[in-house]
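As structure tokens, one chain now follows by itself in the form predicted alone.
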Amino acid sequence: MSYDAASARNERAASTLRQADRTFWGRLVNWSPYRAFAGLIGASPRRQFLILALFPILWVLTQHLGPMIQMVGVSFTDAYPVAAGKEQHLTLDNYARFFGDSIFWMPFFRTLFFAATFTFCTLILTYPVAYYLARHVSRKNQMLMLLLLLIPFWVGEIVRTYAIMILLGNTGAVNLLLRSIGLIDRPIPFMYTSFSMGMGIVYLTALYMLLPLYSALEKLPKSYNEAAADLGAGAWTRFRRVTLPLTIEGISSGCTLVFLIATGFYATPVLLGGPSTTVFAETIAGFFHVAGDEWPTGAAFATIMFVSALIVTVVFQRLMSALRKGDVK
């Protein structure tokens, strides 16, 4: 009886294989060039890695590094695009224009200051959320909570910026709430200030801070805090001596992401900021809104902003690395 059952299973398996061979994918698998190509790919783990990494590497080179390299190249020219009948020459005048005219320094340093300040504010606001999500929400509900937090970020930057404008406007929810409870008689002018711009940037970058913090906190064993509590450490001491030092890597990653993104924001400062909050991205955009002979200057200013942000990030990463190693008290 068992022999008959085994024979029946073998016949069904053979029938399934014959049917698969008649499909497109079955014929493809049995096609000798395909089998030779598959054997070539799987010859060594290094070859498999190179083939799998080929597309991501090409994407980074062509879609990310390529435009940046071209921007740097344009910044050393006297005109771009080159008009018919004219020659293009290399020059450093575009960089000299920034260092020689102090009118450009204020929006430049204001951008770095705003980016650092808003990064710190984002860290302060999102750390408690990440802590509660990682330490006090059950694992089966964490993914649901993360999904709910991610939903607003499915909408584009401009739409979310307009949402902040509606919230902070003279007839927005904040002013209506304050008037309804009798705290104000007339609307508070929140809009077109550093407060409205900061609120917009913090809102737009919160996700980039939240996810690294959540990842670092979620990996932290609860037994560490329990052991510290058994040794008599209070809640603040446990946080300061155990939780915070062991999540520095998440803080470092989140702050780096938010800072770099904040230095490049353009639409949000334009829509939410005012004359006193002009950032360097608006200055750069101004050169690209005029004739082509100003494009190299805009490219040079963009390069200066990019390199400066990288330098600040490297210094910050070195500091955080020293904190992780205990070199900084």
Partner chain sequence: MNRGNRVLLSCVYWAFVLYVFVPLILMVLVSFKDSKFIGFPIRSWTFEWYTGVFADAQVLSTFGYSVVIAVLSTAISVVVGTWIAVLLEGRRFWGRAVIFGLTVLPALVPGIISAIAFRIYARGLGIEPGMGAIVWAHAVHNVPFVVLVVMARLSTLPKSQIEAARDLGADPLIAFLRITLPYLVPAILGASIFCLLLSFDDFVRSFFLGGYEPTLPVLIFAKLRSGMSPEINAIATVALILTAVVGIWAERFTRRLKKETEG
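Here, rigid core means the biggest group of C-alpha atoms that superpose within 1.5 Å across both forms. Predicted model, so just to flag it, every value in this text is computed and none were measured. Numbering follows the first chain given and starts at 1.
The discussion below concerns the form predicted together with its partner chain, not included here.
Note that among 240-248, 162-170, 90-98, 182-190, the stretch whose heavy atoms approach its partner chain to within 4.5 Å in the predicted bound form is 162-170.
Interface residue among L178, A235, A227, M106 relative to its partner chain in the predicted bound form, by the heavy atom within 4.5 Å criterion: A235. Taken together, the three residues L65, E157 and Y203 all lie with some non-hydrogen atom within 4.5 angstroms of its partner chain in the predicted bound form. By the criterion of a heavy atom within 4.5 Å, F120 is excluded from the residues contacting its partner chain in the predicted bound form. Shown alone here, F316 lies farther than 4.5 Å from its partner chain in the predicted bound form, counting heavy atoms only. Although the partner is absent here, F76 is not a contact residue: none of its heavy atoms lies within 4.5 angstroms of its partner chain in the predicted bound form. Shown alone here, P275 lies farther than 4.5 Å from its partner chain in the predicted bound form, counting heavy atoms only. Taking its partner chain as positioned in the predicted bound form, the residues of 51-85 that bring a heavy atom within 4.5 Å of it are, in sequence order, I51, L52, A53, F55, P56, I57, W59, V60, L61, T62, Q63, H64, L65, G66, P67, M68, Q70, M71, V74, Y80, P81. Once you line up the core between this form and the one not shown, the Cα of A267 stays within less than 2 Å of where it was.
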